[in-house]
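The same protein chain appears twice below, in two forms, each given on its own as structure tokens and labelled structure 1 and structure 2.
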Structure 1
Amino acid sequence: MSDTLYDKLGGEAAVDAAVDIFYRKVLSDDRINRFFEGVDMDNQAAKQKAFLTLAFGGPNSYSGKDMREGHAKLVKEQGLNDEHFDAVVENLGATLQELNVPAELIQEAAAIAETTRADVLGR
């Protein structure tokens, strides 16, 4: 059996290495940081970890329905749209680049994130 992207990237250790970098990028990105203004940063960091595990094709317990419900309020009340989605994917790519992940694996991660677009944006 061939390794999944998650294994190729280095599993949970890779996610842990990426969380700080990714979360820092998101908080510094004025296009999207307002979505992440949560007071409890530890909680938010845990959610970033869930996001990255998912984008890396790792073990996760989220269904398309969960993604839809999890972001529904953001779509309805804060106008979450394609532009924001693209920004998140861009930050994901930049994070992996910073970790010297080969380009084809970055593309794989972006493609996995892409499969959630309709659910995340509630379409």
Structure 2
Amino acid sequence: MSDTLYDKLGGEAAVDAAVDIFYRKVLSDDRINRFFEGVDMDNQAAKQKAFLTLAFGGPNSYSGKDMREGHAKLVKEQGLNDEHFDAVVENLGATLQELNVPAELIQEAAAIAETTRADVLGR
């Protein structure tokens, strides 16, 4: 077994389960759910699954926009900022806890998410 985070978490099935739970949490979080109004959530979830698979070291099937381009409109028009980014990372951590992922792997996932902050926020 390889030692990518993707494999440690349980591969495709684990990422699929995590994304489904994650978006349930995000859509019920009043700090950030407005960013998803009018978004096709099936399409969004599919993109997120492909992105997390890639980010966590799994097979690359991500063909979406890069993080800067994909979030630029949210930064410019809706004020996406560090507080919102933190809420997303918090929801990711809570999702992984709910799936009984060990703390060190949750920290690894949060560290990977953190590497996207500057691009997501257009810095």
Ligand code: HEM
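Between two forms, the rigid core is defined as the largest C-alpha subset superposing within 1.5 Å. Along the sequence of structure 1, residues get numbers from 1 upward. Predicted model only: the values in this text are computed from it and were never measured.
**Q** Specify the structure that is the form predicted on its own; exactly one of the two qualifies.
**A** Of the two forms shown, it is structure 2 that corresponds to the form predicted on its own, while structure 1 does not.
**Q** Taking the rigid core as the reference frame, tell me whether G70 has a CA displacement of 2 angstroms or more between structure 1 and structure 2.
**A** Comparing forms between structure 1 and structure 2, the G70 CA shifts below 2 Å.
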